[in-house]
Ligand SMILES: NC(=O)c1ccc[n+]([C@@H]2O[C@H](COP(=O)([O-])OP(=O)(O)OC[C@H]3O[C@@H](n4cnc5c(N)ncnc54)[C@H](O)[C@@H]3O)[C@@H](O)[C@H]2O)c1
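Presented below, as structure tokens, is a lone chain in the form predicted on its own.
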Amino acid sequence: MSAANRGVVYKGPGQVAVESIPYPELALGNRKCDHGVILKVVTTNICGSDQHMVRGRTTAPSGLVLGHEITGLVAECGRDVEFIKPGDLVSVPFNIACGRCRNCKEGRTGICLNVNPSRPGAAYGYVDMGGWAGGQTEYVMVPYADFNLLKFPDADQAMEKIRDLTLLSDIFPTGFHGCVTAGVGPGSTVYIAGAGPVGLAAAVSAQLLGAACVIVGDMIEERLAQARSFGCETLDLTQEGDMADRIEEILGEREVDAFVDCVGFEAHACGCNHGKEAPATVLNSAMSLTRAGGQIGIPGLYVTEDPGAADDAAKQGALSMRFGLGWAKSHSFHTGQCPVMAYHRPLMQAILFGKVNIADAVNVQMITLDQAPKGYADFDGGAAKKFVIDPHGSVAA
């Protein structure tokens, strides 16, 4: 089977374009990929991690096909695929995992040892993540299909909730993982740094886990309003004032039980210096604002190379952290990619049984494939929206 294909292509800093690209093959280099499938993409989302590349803050090469948040219909199966069939509607974890290596067998699918020759862990359409083609396309190939794919039990039911279910490929599990690794549970007080889509997903996840109070900090009022729309307290970080004082006004205490960093390496200073980049500011705030013995989840992206950083150390991923404070307070830190498969099935159930309305929380906006460049520009401008591409008009129909 072959057909036309189009996708969102990174052209250089600040530039993306929708172009004709090759139709995917069931192949890995010069050998067949009998364990893979070809998907007709139903939804594919623009992620904040994509924006780091598009801003020129990574070593991503021009010509990279973008997109790691994919939901699709199975169009073709390789010979060795046993349990996934043509016509199945599936969610694709952004982590590519072989299912065979030590880490995969331990459930640590974000750091698979066999899918990237450069380092542990791979993802679709992302710099240094194995060279896999991205999924902001009409069609995409997914390897190790039986292991990787989450099949929705009823395709018609899933299409009715596709605005929510599309978020299972990355941001909902990632936000949930950030909260789990921060130790969020019933009665917890939680600070979420950043009210972008992952931060909002983390805030919803904290509520789902039973948090007593969720505080979200950001510099964009529209995003803070979105957090307040589902019951969060908020801090406008453009305002001056000690953060501990402001948290005490909300909680009656100056520290939280759990802290989740959903900002990452492009963080900016707070207060009167908020226009100045300060890549370690969230991590240092986490240690200041988390109680002794508390936990800090860090789903926000940090990179080993940042060519756009303000200083030479940060260009190599070396940040000026007050780590002694974290040590003195016996904090635990958890970093790295979310292992999506650890969470996507239970979160699917929460969506299907009406326990969470994640699409409303992150303010999903459906767009066409041709509208993707404008979606990138609007997202980069701070829009309080999660842009979801509908490449075939399947959702609109």
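All values derive from a computational prediction rather than experimental measurement. Sequential numbering from 1, following the sequence displayed.
There is another form of the same protein, the form predicted together with the ligand; it is not shown, and what comes next is about it.
*If we take heavy atoms and a 4.5 Å cut-off, which stretch out of 23-31, 40-48, 362-370, 348-356 is in contact with the ligand in the predicted complex?*
Looking at the partner contacts, the answer comes out as 40-48.
_Give me the residue from V140, V263, V184, A203 that has a heavy atom within 4.5 Å of the ligand in the predicted complex._
Looking at V140, V263, V184, A203 one by one, just V263 meets the 4.5 Å heavy-atom criterion.
_Heavy atom within 4.5 Å of the ligand in the predicted complex - the one residue of G135, G72, P197, G297 that qualifies_ = That would be P197.
*Three-residue site A244, M287 and F333 fully in contact with the ligand in the predicted complex at 4.5 Å by heavy atom*: Checked in the predicted complex: no contact with the ligand for any of the three.
_Quick check on R55: any heavy atom within 4.5 Å of the ligand in the predicted complex?_
Output for R55 is yes: heavy atoms within 4.5 Å of the ligand.
*Taking the shortest heavy atom distance, is H268 within 4.5 Å of the ligand in the predicted complex?*
H268: yes, in contact with the ligand in the predicted complex.
*G121: heavy atom within 4.5 Å of the ligand in the predicted complex?*
Outside the cut-off, so no.
*Give a yes or no for T189: in the predicted complex, does one of its heavy atoms lie within 4.5 Å of a heavy atom belonging to the ligand?*
The answer is no: T189 has no heavy atom within 4.5 Å of the ligand.
*Counting only non-hydrogen atoms and a 4.5 Å cut-off, give the residues of 214-251 close to the ligand in the predicted complex.*
Counting only heavy atoms within 4.5 Å of the ligand in the predicted complex, the contacting residues of 214-251 are G217, D218, M219, I220, R223, L237.
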